[in-house]
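Take a look at this one chain, the form predicted on its own, written out in structure tokens.
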Amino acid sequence: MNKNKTENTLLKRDKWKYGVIIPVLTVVIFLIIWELMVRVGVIPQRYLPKPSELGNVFIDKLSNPRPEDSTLPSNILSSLQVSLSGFLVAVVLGIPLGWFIGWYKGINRFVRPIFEIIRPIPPIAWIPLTILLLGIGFRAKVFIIFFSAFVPCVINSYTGIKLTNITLINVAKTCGASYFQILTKVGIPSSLPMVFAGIRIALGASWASLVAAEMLAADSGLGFMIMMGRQFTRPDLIVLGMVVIGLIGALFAFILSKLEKKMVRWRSIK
């Protein structure tokens, strides 16, 4: 009893140490080095603002719409609305498609050739055509996000279900399970680790494409704010937009890791 209690205490201590203290300490050290390098002139301040100045810019942009005529909360909300719309549609359509392509040979032979032609096309290459067809509004940006997130969702769900243990499939057949039952009870659960890996990749790709789309054709959003920072020679706005994107991405990654732990309980995740 005492041994188990000691082990649990050590596990909690290690979790706090490696999950909280060390990551926070790493970020603090990075910010200190950044601040010192700018202060001593190793990096010119006209190219990279100090972290202490970014805090002031952040507070100012919460209510100040200049120079791009939009406050920071409005830009964040605009980017989140577009990014999550395209991302969620890609997840809902891409993951099942990957499962079906990997599981059913007929669907594989029919869909995979078309998918293999479309897959290598960079999402940014769709931007000019999308602008011609849909303009620069909400639907155009959602389509670009959808395409960038759709491909990794399909590939990873396809790979995950193809890696299903053949022994588990044979056991299910022996027990009298149908092909569809094996898919839902064996194939899909075993593919979830790869599926979540694909969702993480899709999330990063959707943000990258969103910033590119907003920098090319938009009137609001974090990418638009970064572009305005370049036009008005405001490196503080550029870096602020980059930092906000990074923080939002880290938050979504944290949420995905928690969701994965709940949905893939049979797999030990550190």
Partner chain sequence: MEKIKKRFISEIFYSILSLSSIILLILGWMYLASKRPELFPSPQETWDRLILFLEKPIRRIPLYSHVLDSLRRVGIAVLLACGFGIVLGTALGWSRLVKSTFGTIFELIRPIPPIAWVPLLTIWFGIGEFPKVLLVFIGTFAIVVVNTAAGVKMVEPLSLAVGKIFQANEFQMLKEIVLPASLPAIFAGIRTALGVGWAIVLAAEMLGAVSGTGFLITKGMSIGDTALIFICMFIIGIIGALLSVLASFIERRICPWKTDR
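Predicted model only: the values in this text are computed from it and were never measured. Numbering follows the first chain given and starts at 1. So that the term is clear: the rigid core is the largest set of C-alpha atoms that superpose within 1.5 Å between two forms.
What comes next is about the form predicted together with the partner chain, which is not displayed.
Since the chain is shown here on its own, which stretch among 180-188, 98-106, 81-89, 163-171 would lie within 4.5 Å of the partner chain in the predicted bound form, judged by heavy atoms? The contacting stretch is 98-106.
Which of these residues, 192, 76, 155, 131, gets a heavy atom within 4.5 Å of the partner chain in the predicted bound form? Selected residue: 131.
Every residue in 124, 127 and 245 with a non-hydrogen atom within 4.5 Å of the partner chain in the predicted bound form? Result yes, every residue of the spot touches the partner chain.
Any non-hydrogen atom of residue 226 within 4.5 angstroms of the partner chain in the predicted bound form: Close contact exists here: in the predicted bound form, residue 226 approaches the partner chain to within 4.5 Å, heavy atoms only.
Touches the partner chain in the predicted bound form: residue 138 (any heavy atom, 4.5 Å): No - in the predicted bound form, heavy atoms of residue 138 and the partner chain never come within 4.5 Å of each other.
So, residue 176 and the partner chain: in the predicted bound form, are they within 4.5 Å at any heavy atom pair? It does not: once the partner chain is placed as it appears in the predicted bound form, residue 176 has no heavy atom within 4.5 Å of it.
Just to confirm, residue 250 within 4.5 Å of the partner chain in the predicted bound form by heavy atoms? Output for residue 250 is yes: heavy atoms within 4.5 Å of the partner chain.
Suppose contact means any heavy atom within 4.5 Å; which members of 42-58 contact the partner chain in the predicted bound form? Heavy-atom contacts to the partner chain in the predicted bound form: 46, 47, 48.
Superposing on the rigid core, I want to see if residue 62 changes position between this form and the one not shown - specifically a Cα shift of 2 Å or more. It does not, since the residue 62 C-alpha is displaced less than 2 Å between this form and the one not shown after the core fit.
Fitting the rigid core first, would the Cα of residue 227 be found 2 Å or more away between this form and the one not shown? Moves: no, less than 2 Å.
Is residue 201 among the residues whose Cα moves by 2 Å or more between this form and the one not shown after superposition of the rigid core? Moves: no, less than 2 Å.
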